[in-house]
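Take a look at this single chain, the form predicted alone, given in structure tokens.
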Amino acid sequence: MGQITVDRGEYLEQLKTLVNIESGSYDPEGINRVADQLETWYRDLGWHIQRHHLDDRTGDLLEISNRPADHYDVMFVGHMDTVFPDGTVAQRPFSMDEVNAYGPGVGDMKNGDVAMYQVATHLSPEALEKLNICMAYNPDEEIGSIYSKEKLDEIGRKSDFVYVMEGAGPGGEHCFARKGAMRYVLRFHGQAAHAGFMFEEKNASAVLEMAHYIVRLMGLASREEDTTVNVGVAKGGIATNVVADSAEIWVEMRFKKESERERLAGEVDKLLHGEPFVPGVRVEVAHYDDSPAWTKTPEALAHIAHMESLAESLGIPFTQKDRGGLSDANHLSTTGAVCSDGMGPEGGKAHCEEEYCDIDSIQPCVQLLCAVLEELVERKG
């Protein structure tokens, strides 16, 4: 298995190019500028480009492959959007020191986007001949892949292995399991009245009902099962002297086990269909969505052990840690493909000003992924 050498200067220049393109999740034009740049790079390699228009509210999804194919041996997944608002790049564009690179989206996950391209450039002619490889770039991962999930899963269903290129943690820490999530927006409808006459006039406080829900819902968390419940947004009412006739909460529940998902869903259902805490208040579910928990299958465990062995033979650190955050691996893991996540270069402090990627982790990241694909060629014969 030959050693590859990533041109650090080229890599960092490509990373700088992507980071300095503003591409927040609600900026389809900016996301498509990132897509345009990636398309240019891959066209220079002679790869096949498909751009899937999903919705006018987001950018295109890129399905890039070394050849047109009905089946992919390997699918890599990156995302082009960031969490940052317009103007962030102007305030703090790409920068670097001797250890790290910085900038909006540098680690989450434009670093992984560039690593995918570098894998494509460093594969042997034999690997490119014998393997069907897809590089999929998602335009809306940071808002839950609401427009892209269906197309990504369609590609995943025709893939054997999926590598999600979110940044690895310190020391080559990869991810092979993630919590699932349920998210609710609940609206409370009560009866307004003058607060000074609340014992005399008919009223029903939506805010009081909301408060009961907050206490009950957050009490469903379980430290033993690592099940978390968070009411992250709570709002209602119009003035201190008015009994609130409306309120709203945004709730997120995260879980590792299907039994915990069922418990949480059952308790919410009891609340919604039981008697209100405050007579006269009506509660509605204004929004609901969920993401399945991603757990290790026997096939995944075997693949993890295989990658760990390859990493050891190359002298590359390889550890694993389950994560509570969501990624495209949550839903791609349901397609039948063997999924791995956190396969990009190391980084940290995502979604804040201190976000970074570790420059020294670039070479081992690309080296390991190329080795995995080259070894797959050998196994295919």
Partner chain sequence: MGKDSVVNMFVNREEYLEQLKTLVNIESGSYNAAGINRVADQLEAWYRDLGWHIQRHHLDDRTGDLLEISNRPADHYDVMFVGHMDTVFPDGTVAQRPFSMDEVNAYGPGVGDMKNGDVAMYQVATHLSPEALEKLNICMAYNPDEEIGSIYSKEKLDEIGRKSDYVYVMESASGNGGRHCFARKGMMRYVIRFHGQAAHAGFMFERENASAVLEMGHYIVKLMGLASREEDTTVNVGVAKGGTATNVVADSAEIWVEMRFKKESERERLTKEIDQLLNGEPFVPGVRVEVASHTSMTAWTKTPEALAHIAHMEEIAKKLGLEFEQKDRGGLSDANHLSTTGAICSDGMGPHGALDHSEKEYSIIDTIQPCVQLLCAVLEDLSQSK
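Superpose the two forms; the largest set of C-alphas matching within 1.5 Å is the rigid core. Remember, predicted model here, so these are calculated numbers, not experimental data. Numbering follows the first chain given and starts at 1.
Only in words, not in the display: the form predicted in complex with its partner chain, which the text now covers.
- For the candidate spot formed by Ala195, Asn230 and Val243, every residue has a non-hydrogen atom within 4.5 angstroms of its partner chain in the predicted complex.
- In the predicted complex, Asn138 stays away from its partner chain, with no heavy atom inside 4.5 Å.
- In the predicted complex, its partner chain lies within 4.5 Å of some heavy atom of Arg254.
- A residue is said to contact a partner when one of its heavy atoms sits within 4.5 Å of a partner heavy atom; Gly336 fails this definition for its partner chain in the predicted complex, lying far away.
- Contact check for Lys321: a heavy atom falls within 4.5 Å of its partner chain in the predicted complex.
- The partner is absent here, but in the predicted complex a heavy atom of Lys235, alone among Lys202, His71, Lys235, His273, sits within 4.5 Å of its partner chain.
- Residue in contact with its partner chain in the predicted complex (any heavy atom within 4.5 Å), chosen from Ala177, Leu152, Ala311, Leu208: Leu208.
- Contact annotation: its partner chain lies within 4.5 Å of heavy atoms from the stretch 220 to 228 in the predicted complex, the single such stretch among 122 to 130, 95 to 103, 220 to 228, 293 to 301.
- Taking its partner chain as it sits in the predicted complex, the stretch 124 to 142 comes within 4.5 angstroms of it through a non-hydrogen atom at just one residue, Glu142.
- With a cut-off of 2 Å and the rigid core superposed, Phe161 has a Cα displacement that falls short of the cut-off between this form and the one not shown.
- Arg216 shows a C-alpha shift of 2 Å or greater between this form and the one not shown [criterion: core-superposed Cα displacement of 2 Å].
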